[in-house]
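What follows is a single chain, given as structure tokens, in the form predicted alone.
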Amino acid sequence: MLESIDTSMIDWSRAQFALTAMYHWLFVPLTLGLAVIMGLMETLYVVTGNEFWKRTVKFWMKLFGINFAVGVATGLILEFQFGTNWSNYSWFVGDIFGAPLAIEGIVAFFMEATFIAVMFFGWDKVSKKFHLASTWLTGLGATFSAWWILVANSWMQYPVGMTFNPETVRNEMTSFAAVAFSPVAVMKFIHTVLSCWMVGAVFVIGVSAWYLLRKREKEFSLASMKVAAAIGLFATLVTAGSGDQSGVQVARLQPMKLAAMEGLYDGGHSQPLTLIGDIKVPKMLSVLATHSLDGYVPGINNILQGGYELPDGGVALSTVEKMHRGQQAIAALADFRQAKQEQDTVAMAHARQTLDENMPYFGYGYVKEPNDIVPSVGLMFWSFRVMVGLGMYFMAFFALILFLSWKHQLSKVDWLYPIAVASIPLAYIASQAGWIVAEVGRQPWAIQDMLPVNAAISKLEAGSVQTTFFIFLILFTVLLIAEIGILLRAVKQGPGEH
């Protein structure tokens, strides 16, 4: 079956999904980041009764609304692509993968839709506390939505809570709790959502600095920068901590991803962390991956060849052996279905036993060459360093702003304002780099070790996918340009105009 699939169609389908995901992710971080900043500012308004905070939160709420509307449009298209371009994937694991997406659509999205109306149009129509609750619940709905999306994504990285049914050729959920609260999902949620808070904080600081450069809205800008910097510093510290825990999970569950991130071909014990070029920190990679100075970290060649000791005490199989066992699993599945058709219970039992023994390597049966399981090393290596490097920069950036604010010097450091404005695109670059590390590092797997992309694809014509790719490219670019234009117009008008 796989031989009949045009490989260019696989590449175009991947490109289309990547295009949609990356455009969508331009809007999500600002939505989640502004939500918590707005909630904190409105809380200050309710607690203090100071109308200044009401005026302030209304301005950021306006920018939130502009961004939110465009983000919804790209997100809907993204989810439809699972059925159009990845129908084999949807058939194979739809019972599991569809559950968190359904909850996200039914519960989280409707929660946002309900309270966002009160948030925007309920000023002076409902009580202060009810309006405040609506603002926080809108943000909570957006965060709740992110939780279920990240649960689905984490399951692709670490598939748990299911069993394979050879009679239907589908994976069926056995534990919703295992899927919804897997350690990978929990850590990914913390890391991703807090990094979004960082993006929102940088955006608020950058816009406020633009006003200060033009000698406008001084009180508004200084207050907004102070609130945003406090949230941003907290977010970067927690993001760094969760990133450390995620590194341990990746080392254990996705060692090829870690090896590609480090450009590590031949691993071993006490591995150094490469910063750039020949600049290395002794034993640091072992510490990050295993929390041990002497920890063993396999490289790309080690993973391909196998033979090293696993954390659970077993011995790693070579990729060739995994491919062989995967082919046995696929053949056993065919034998099982044939025996069922012939009502041969003995043959069914034998085939089922062989299938169960080799099912952990099922996806490897569709891998054609061992090197196919190696992701793009160059892209992974540099994306990881961009993400971490900018994360460290923003940690210092937020700390500096808080320090200057504490010293009552923030209004006097003109040199900082252009840097703050220029930092807005850097926040988006860091966010996109993080997703490149997460998603490119999983390739060629649609589901880690279970289903490669060449077996997950729909049987379509490459030309039709090409056409829709360019349609989406034009549509999303127009939407992005429109959003930027509307945001710039709103910013130029300032907080005095609603």
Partner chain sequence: MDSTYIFLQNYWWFLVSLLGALLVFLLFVQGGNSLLFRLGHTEEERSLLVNSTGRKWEFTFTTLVTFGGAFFASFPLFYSTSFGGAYWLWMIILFSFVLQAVSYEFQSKLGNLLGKRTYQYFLVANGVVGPVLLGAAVATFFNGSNFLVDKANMSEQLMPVISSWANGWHGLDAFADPWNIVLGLAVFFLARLLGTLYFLNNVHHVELNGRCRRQLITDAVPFLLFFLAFVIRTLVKDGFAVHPETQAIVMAPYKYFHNLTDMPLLLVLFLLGVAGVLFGLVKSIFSVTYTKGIWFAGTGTVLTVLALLLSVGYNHTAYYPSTADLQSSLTLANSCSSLFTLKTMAYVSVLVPFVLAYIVYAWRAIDKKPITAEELKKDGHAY
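Positions refer to the first chain, counted from 1. Not measured: the values here are computed from a predicted model.
Here the subject shifts to the form predicted together with the partner chain, a form of this protein not shown in this document.
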Kindly indicate whether 28, 401 and 424 are, all three, within 4.5 angstroms of the partner chain in the predicted bound form, using heavy atoms.
no
Could you work out which of 377, 77, 253, 416 is the residue within 4.5 angstroms of the partner chain in the predicted bound form, going by heavy atoms?
77
Can you pick the one in 270, 90, 245, 318 that has a heavy atom within 4.5 Å of the partner chain in the predicted bound form?
90
Taking 4.5 angstroms as the heavy atom distance cut-off, pick the stretch from 426-434, 45-53, 468-476, 32-40 that is near the partner chain in the predicted bound form.
468-476
Would you please decide whether residue 486 lies within 4.5 angstroms of the partner chain in the predicted bound form, comparing each non-hydrogen atom pair?
yes
Taking the partner chain as it sits in the predicted bound form, is residue 445 in contact with it (heavy atom to heavy atom, 4.5 Å or less)?
no
Does the 4.5 Å heavy atom contact test between residue 226 and the partner chain in the predicted bound form come out positive?
no
Contact with the partner chain in the predicted bound form for residue 457, defined as at least one heavy atom pair within 4.5 Å: yes or no?
yes
What residues, if any, in 303-334 have a non-hydrogen atom within 4.5 angstroms of the partner chain in the predicted bound form?
327, 330, 333, 334
